[in-house]
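Consider the single chain below, provided in structure tokens and representing the form predicted on its own.
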Amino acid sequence: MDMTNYLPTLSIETSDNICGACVYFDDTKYFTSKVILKHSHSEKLFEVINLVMKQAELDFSEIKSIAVSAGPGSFTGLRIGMAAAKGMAQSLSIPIITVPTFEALALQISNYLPENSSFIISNKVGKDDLYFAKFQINSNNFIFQTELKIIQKADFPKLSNNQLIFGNVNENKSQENLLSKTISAPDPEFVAKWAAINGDGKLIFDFDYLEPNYLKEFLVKEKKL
């Protein structure tokens, strides 16, 4: 399937602290906007979507697909992004491409590091757990060295020794650690770019039961009386 038939794509990123959108035609033409503000997704998402649509001088009827960052990440943020994607795709009768958040971020990082560089992306899950994946750059893209998984925070030092680290795992620590970079979510254009590269065969037309990839089961704790 030729992905050019599904461009321009509207991409959405709400997995963490970025609330962003992008209208993507190709690598040489795209329009992107983002807000970095905690707990702003429900308030700001359609503002940034309307802004990029205005910048691109497009009507919503001209969008051919929607790419949405599907997790793992913030439970609330992912649900807001997915709900927006489903609502627009339903009204426009266009497909959704669910984009693995860590892979979109790895794609972004791979644009700025030398060939064969390896790096880790690790974000907080809760008090004691972390999302963890290790990547290596290969021909301006990336390959997994360690598949995305949840690890205990106590195991992180031995798994990440002397590696370049991206994510919010160290966001409250001293910036003296030059191997640690606090970038925990992809920019929306890289959500779109991942979809353009990998979307063939991943177009979803029936998304009534489409859910984000939380990786960890969301549990509601009962309050003891």
Partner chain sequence: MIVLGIESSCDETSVAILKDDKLTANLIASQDFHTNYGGVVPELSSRAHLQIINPLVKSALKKSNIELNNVDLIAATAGPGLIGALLVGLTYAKGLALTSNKSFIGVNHIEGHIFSGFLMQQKPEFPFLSLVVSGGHTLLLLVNNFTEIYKLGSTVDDAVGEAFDKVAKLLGLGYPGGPKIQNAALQGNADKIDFPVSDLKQKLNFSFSGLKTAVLRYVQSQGGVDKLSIQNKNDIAASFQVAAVKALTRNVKRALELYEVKTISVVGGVAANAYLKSEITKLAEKYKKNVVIPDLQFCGDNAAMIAFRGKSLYENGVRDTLSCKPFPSLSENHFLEI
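Numbering follows the first chain given and starts at 1. This is a predicted model, so every value here is computed, not measured.
One more form of this protein, predicted in complex with its partner chain, exists but is not displayed; see below.
The partner is absent here, but in the model of the complex a heavy atom of Ser91, alone among Asn111, Gln152, Asn116, Ser91, sits within 4.5 Å of its partner chain. The single contact residue among Asn170, Ser42, Gln55, Gln163, judged by any heavy atom lying within 4.5 Å of its partner chain in the model of the complex, is Ser42. Contact annotation: Leu107 falls outside 4.5 Å of its partner chain in the model of the complex, judged by heavy atom distances. The closest non-hydrogen atom of Gly20 lies beyond 4.5 Å of its partner chain in the model of the complex.
Contact annotation for Ala133: none of its heavy atoms lies within 4.5 Å of its partner chain in the model of the complex. In the model of the complex, at least one heavy atom of Lys86 sits within 4.5 Å of a heavy atom of its partner chain.
This chain is displayed without its partner chain, yet in the model of the complex the stretch 73-81 from 144-152, 73-81, 99-107, 120-128 comes within 4.5 Å of it by heavy atoms. The partner is not shown here, but in the model of the complex the stretch 39-66 reaches within 4.5 angstroms of its partner chain through a heavy atom at Ser42, Glu43, Phe46, Glu47, Ile49, Asn50, Phe60.
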